[in-house]
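Read the single chain below, which is given as structure tokens and is the form predicted alone.
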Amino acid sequence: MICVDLPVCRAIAFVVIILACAVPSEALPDTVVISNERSGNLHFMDRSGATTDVVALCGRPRGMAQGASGQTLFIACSDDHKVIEFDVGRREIVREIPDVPGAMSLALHASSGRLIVSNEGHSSAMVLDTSTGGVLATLATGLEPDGVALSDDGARIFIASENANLVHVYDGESYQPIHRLVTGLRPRRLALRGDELWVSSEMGSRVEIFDLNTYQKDGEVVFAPRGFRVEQLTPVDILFDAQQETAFVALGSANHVVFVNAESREIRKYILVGRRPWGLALTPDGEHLFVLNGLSDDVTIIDVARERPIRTSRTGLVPHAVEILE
């Protein structure tokens, strides 16, 4: 419709502006947030992969964890040695937690408000109280700690040490060491599935699976797509669907993501994506898998049901972590 009455047009425009300003400042459904290490910013997308915003942030933003409200993110700023709390709706930092050396990967236990942060280059991980920003404990690890995870009840903390080939298990209340799991070469990321701990072995071309009742290795998934050498198969991130029936694994230098039957541990399909995929996130409805490609500076969106890519979108430089907020 074309507006021809000038006073009426002005009135309509005024109402539209008022309504736009009245919209509350909060995250839209399925807001995709990507931390970019080299460009030092956050990249915002909708679930179709269209860029909606880019926000300058800090020095080398890496791991992220959603706050309990679903409207904030805790973000590791590795080169600035701090963790920040970022309001996604308002697009601004609401708090900084300083003196967190080499902040790398994060895991939040929402009910207790505890945040686990691995300290790359410092052979440790920290337990932070998100309500106060205080340090509850510092946990010793091997060299180059990366992936962290907590059991659902918060009773156990798991930390992977890349150069030590170990996963450290700590008591979530006393913060005393419980066990050390010996893994393959360069354990990177961790994912819990009931009483199983899945560990990606970056230089071992596999995911190792440990029984958390016995702390014994219970099996493994070895990757061997045709046409690739063993040294090209460098798995990093692991993610389960909501039913924990399918595991998604980013294969790094092999430029593929693999779908694995989590129960039988059989490989279902290899899917070609961008260069060196390492970060994964699933939309809340489980329909789309977002795959961060660290060396091609983009994200591949996969239709999970059809098991095929549907779009590749540009990100910032060296995308590291991705979170999707409802």
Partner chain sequence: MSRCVAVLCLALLYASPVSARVLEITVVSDATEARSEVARQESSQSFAGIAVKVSRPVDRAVALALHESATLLDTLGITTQLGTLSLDPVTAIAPQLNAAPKGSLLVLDLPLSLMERVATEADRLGRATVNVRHSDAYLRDALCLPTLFHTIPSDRMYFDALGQFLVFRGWRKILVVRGPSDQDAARAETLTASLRKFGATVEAVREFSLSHHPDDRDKNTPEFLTGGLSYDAVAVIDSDGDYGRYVQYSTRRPRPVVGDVGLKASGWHYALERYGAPQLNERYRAFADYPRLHGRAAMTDVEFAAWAAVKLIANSVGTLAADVPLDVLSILSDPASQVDLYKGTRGSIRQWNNQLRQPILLGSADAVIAVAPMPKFLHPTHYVDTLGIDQPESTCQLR
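Note that the structure is predicted; figures quoted are calculated from it, not measured. Positions refer to the first chain, counted from 1.
The same protein also has a form predicted together with its partner chain, omitted here; what follows describes it.
A.B. asks: Would you kindly say which of V222, V94, A155, V182 lies with a heavy atom within 4.5 Å of its partner chain in the model of the complex?
C.D. replies: Here the answer is residue option V182.
A.B. asks: Among the candidate residues L282, I271, V54, L295, which is the single one with a non-hydrogen atom no more than 4.5 Å from its partner chain in the model of the complex?
C.D. replies: Among L282, I271, V54, L295, a heavy atom within 4.5 Å of its partner chain in the model of the complex occurs only for L295.
A.B. asks: Please check if L166 has a heavy atom lying within 4.5 Å of any heavy atom of its partner chain in the model of the complex.
C.D. replies: Contact with its partner chain, yes.
A.B. asks: Heavy atoms within 4.5 Å of its partner chain in the model of the complex: does V304 have any?
C.D. replies: It does not: once its partner chain is placed as it appears in the model of the complex, V304 has no heavy atom within 4.5 Å of it.
A.B. asks: For R186, is any heavy atom within 4.5 Å of its partner chain in the model of the complex, or not?
C.D. replies: Yes, contact at 4.5 Å.
A.B. asks: Give a yes or no for G133: in the model of the complex, does one of its heavy atoms lie within 4.5 Å of a heavy atom belonging to its partner chain?
C.D. replies: No, no contact at 4.5 Å.
A.B. asks: Within 4.5 Å of its partner chain in the model of the complex, counting heavy atoms only, one of 79-87, 236-244, 166-174, 192-200 shows up; tell me which.
C.D. replies: Stretch 166-174 is the one.
A.B. asks: Are all three residues R38, E120 and S205 in contact with its partner chain in the model of the complex, where contact means a non-hydrogen atom within 4.5 Å?
C.D. replies: Heavy-atom distance to its partner chain in the model of the complex: all three under 4.5 Å.
A.B. asks: Suppose contact means any heavy atom within 4.5 Å; which members of 220-239 contact its partner chain in the model of the complex?
C.D. replies: Heavy-atom contacts to its partner chain in the model of the complex: R229, V230, E231, Q232, T234.
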